[in-house]
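Read on for two forms of one protein chain; each stands alone as structure tokens, with the labels structure 1 and structure 2.
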Structure 1
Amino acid sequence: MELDHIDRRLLNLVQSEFPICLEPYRVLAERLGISEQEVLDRLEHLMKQDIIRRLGGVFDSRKLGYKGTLCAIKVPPDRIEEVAAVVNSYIGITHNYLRDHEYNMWFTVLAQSPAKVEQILAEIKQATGIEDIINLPSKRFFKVLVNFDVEDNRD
């Protein structure tokens, strides 16, 4: 997909300067010199083209009082989709992916307390019948901010 100059500027703005206000798309439109509806249409088109996978805030879960953990589970290959559906049914699951390893499904859990994390894991064990889940609570915070500058200065 070919991105024009406005698409590129819009992508840069939503990554690094998304307005925190009542009408953020109107503000973006003013910065770009286009209508608010055009901003929304362009974002929708970029999402349909898989240029944008997700548009949303990134919060520091620790400051909100949440606890995070990385978990690994041994899932029989023929049960991957079934177990993934159980794991993904919890709102606190932020990532779930497969690895080529004995523990082949890895996921992260964010919850209000360690006890809530344990409750979620117990429920996953009960729902799947799989007892072998490794729980690796986060001890240190590592955050990498990545913005992709997609603006082409030749435009």
Structure 2
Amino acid sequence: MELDHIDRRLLNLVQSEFPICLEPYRVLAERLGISEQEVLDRLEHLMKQDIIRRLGGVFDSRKLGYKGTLCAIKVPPDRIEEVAAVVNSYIGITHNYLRDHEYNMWFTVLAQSPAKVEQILAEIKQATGIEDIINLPSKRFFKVLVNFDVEDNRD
């Protein structure tokens, strides 16, 4: 899908400067110089195209009482799909990437306690028969930024 310059400005605004007020789409419309209905139509279209994955509240997991960790597991190449199905079945496992390393499957776990994380890992080991999982809890957090500048990005 071809994004025009209004789409791109809209995407930048809704990523980082979404107005928290009773009529947020009207405020966005004023900033873009288009109608409120056009903002709603464009957002709906961007969601249908799956360019916007979600528009909603972004929370600080630590302040909600959740613990986060990064884990990696060594999966034989012919078992990727099967093991991914097990790993991905957990709500608290939100990101899972295949990476070019002998530890080839990397996933994040969020749970309400370290014990709950251990329980999830034990279940994965049992379901897959793979024992080699490394668990790398965060000790200190410096930065998470998930916005991408989508303007001037036509290559």
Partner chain sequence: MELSDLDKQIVKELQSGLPLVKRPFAVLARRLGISEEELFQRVQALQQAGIMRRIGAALRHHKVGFTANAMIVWQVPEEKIEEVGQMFSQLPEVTHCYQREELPHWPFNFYTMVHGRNRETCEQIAARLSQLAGISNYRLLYSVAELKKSSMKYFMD
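Each form is matched to the other, and the largest set of C-alpha atoms that superpose within 1.5 Å is called the rigid core. One-based numbering along structure 1's sequence throughout. This one's a predicted model, so the numbers in the text were calculated from it and none came from an experiment.
Looking at both, which one would you say is the form predicted in complex with its partner chain? The chain shown as structure 2 is the form predicted in complex with its partner chain.
Threshold 2 Å Cα movement between structure 1 and structure 2 for residue 65, core superposed: Comparing forms between structure 1 and structure 2, the residue 65 CA shifts below 2 Å.
Shift of residue 137 between structure 1 and structure 2 at or above 2 Å (CA, core fit): Result for residue 137: no, shift under 2 Å.
Quick check: residue 50 between structure 1 and structure 2 - does its CA shift reach 2 Å or more after fitting the rigid core? Residue 50 C-alpha, core-superposed: shift of 2 Å or more.
Once the rigid core is superposed, tell me how far the Cα of residue 26 moves between structure 1 and structure 2, in Å to one decimal. With the cores aligned, its C-alpha sits 8.1 Å away.
Any chance you could measure the C-alpha shift of residue 13 between structure 1 and structure 2 with the core superposed, in Å? The shift comes out to 4.4 Å.
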